[in-house]
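Okay, here we've got a single chain as structure tokens, the form predicted alone, with questions on binding and movement later.
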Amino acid sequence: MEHLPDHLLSGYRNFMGGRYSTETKRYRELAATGQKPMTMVIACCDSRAAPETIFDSGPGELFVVRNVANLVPPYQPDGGHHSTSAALEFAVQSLKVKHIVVLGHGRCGGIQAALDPGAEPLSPGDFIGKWMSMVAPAADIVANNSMMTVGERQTALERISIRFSIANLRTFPCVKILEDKGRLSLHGAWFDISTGELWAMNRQSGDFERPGNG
């Protein structure tokens, strides 16, 4: 009986014989004492932009939440189901992370969908369309800029949406209070899948710049 796809089982065997065997003590410590990551990363679901891989992180080092286009919705305590907000609440209030990084990436499918709102929905529910409507005002402005190429518009909105998500993070009282006290810092980053380049957002100007060792 096939319980999991063969490639997953093969990968698991490699993990147990490789990384787990060399980090067994670390995993057992984490199991016994719990996780205490200093950094939360809000990233995209895209399989090409995994934060743990990009930042070469070990077990217990990053608390990661992934959604379509790495968006953070505004603070909205309305009784609905809010996955990203729940993860944020846990990271800040329980784990007491010191940093939150919104990590975007090039060639993001969610951003592409936002730039083409007239495209046929993937399903009657149009969950992607509704989710990406959070950046619709910016998407409309960028999409109608005839001075930019298609690729430039894509990159522009990918980076604008990171700044948008950081602004939304500050609508959460727990985030704003801790940031004002200097106990929590917010960061933006953008990863280029094709070149491996990482661009970090300047926290004063909002510009995206290459870190010194990039």
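Throughout, we count residues from 1 along the sequence that is shown. For clarity, every value in this text was computed on a predicted model and none was experimentally measured.
What comes next is about the form predicted in complex with another copy of the chain, which is not displayed.
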Worksheet entry | Touches another copy of the chain in the predicted bound form: L178 (any heavy atom, 4.5 Å) | no
Fill in: another copy of the chain contact at R183 in the predicted bound form, heavy atom, 4.5 Å
no
Worksheet item: Taking heavy atoms and a 4.5 Å cut-off, does T39 contact another copy of the chain in the predicted bound form?
Response: yes
Fill in: Exercise: R48 in contact with another copy of the chain in the predicted bound form, heavy atom 4.5 Å
yes
Discussion item. Just to make sure I understand: among 15-34, which residues lie within 4.5 Å of another copy of the chain in the predicted bound form, judging by heavy atoms?
Written reply: F15, M16, R19, Y20, Y27, R28, L30, A31, A32, G34
